[in-house]
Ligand code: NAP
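Below sits a lone chain in structure tokens, taken as the form predicted alone.
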């Protein structure tokens, strides 16, 4: 039997993405075949497609890391609790998620709570896991601390706002559009600012009575890192989640605050850390404190347009491909 999938045979622009029919893979021992209902689209997917920012792929390549659906077949009865028909989300696969079916290692598959739709589940893997790791593993966030999410209206930023509010942090979020700022406010942020306003750090410091923030999650470090340092409290830390270039900072902003800059990549997460991340995400999804926000959905054949959209500034949530509806 065959399935529909998007494949590319060389790195390049979205014109390399073609709809093809290929054989549905058969899972071997330790593998799970998932029938996908939705696939998340993340900026990293576009870097892998294009072969930029240090990313590459073995060709032919089916884009997509995240997705959600139901288990179609199991390679063995192994040491896992999954059964055929279970609702799951994936983060990573052997064959890519821009397809009707994807083949995964068992460790790439996680249970999806009944109260979470497949479209929402497709947004958990990279956006929500990045937010949780940035906050609690790299940022060491604690209840009662104050957090700045610099660029909070995208998938990672909104997840960070929700997770932080649920954990008892005071949250400040920024966005460049009115729609984005309203969305951040709706998620529970106590202060929302326009990061295109040259005075937004001064407004933050005034709101915090000069104390600044304990943690800043930075989505565009090449533009904002220097601003983040001036917004930190004593002992504060910046976690760099994203950057599109180099930046010059004043080290004295770190020195006078005993502050830290911490990089992070989800791909550096150890198996033990990843288990902790997804255990926490399941609890958040099941309780309703974590609910991925959807900006726009596309069909499988519109993947190229989705890749273009996910890179546009002023995002207001996650981009999703719907499959097997």
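Please read all numbers here as calculations on a predicted model, not as lab measurements. Positions refer to the first chain, counted from 1.
Quick note: we don't show the form predicted together with the named molecule, though the next part is all about it.
message: If the criterion is a non-hydrogen atom within 4.5 angstroms, does every one of 155, 177 and 317 touch the named molecule in the model of the complex?
response: Looking in the model of the complex, the three residues 155, 177 and 317 all sit within 4.5 Å of the named molecule (heavy atoms).
message: Using a 4.5 angstroms cut-off on non-hydrogen atoms, would residue 299 count as touching the named molecule in the model of the complex?
response: Taking the distances in the model of the complex, the answer for residue 299 is no, it never comes within 4.5 Å of the named molecule.
message: Is residue 120 part of the interface with the named molecule in the model of the complex - any heavy atom within 4.5 Å?
response: No - in the model of the complex, heavy atoms of residue 120 and the named molecule never come within 4.5 Å of each other.
4.5 angstroms heavy atom contact with the named molecule in the model of the complex for residue 99: No - in the model of the complex, heavy atoms of residue 99 and the named molecule never come within 4.5 Å of each other.
- prompt: With the cut-off set at 4.5 Å between non-hydrogen atoms, does residue 138 touch the named molecule in the model of the complex?
  reply: Output for residue 138 is no: heavy atoms all beyond 4.5 Å of the named molecule.
field: Answer range among 42-50, 60-68, 274-282, 22-30 for contact with the named molecule, defined in the model of the complex as heavy atoms within 4.5 Å
entry: It is the stretch 42-50.
query: Considering 115, 142, 234, 196, which brings a non-hydrogen atom within 4.5 Å of the named molecule in the model of the complex?
result: It is 196 that has a heavy atom within 4.5 Å of the partner.
Contact assignment for the named molecule in the model of the complex, among 286, 264, 294, 259, heavy atom within 4.5 Å: It is 264.
- prompt: Looking at the named molecule in the model of the complex, which residues in 204-223 have at least one heavy atom within 4.5 Å of it?
  reply: Sequence-ordered list: 218, 219, 220, 223.
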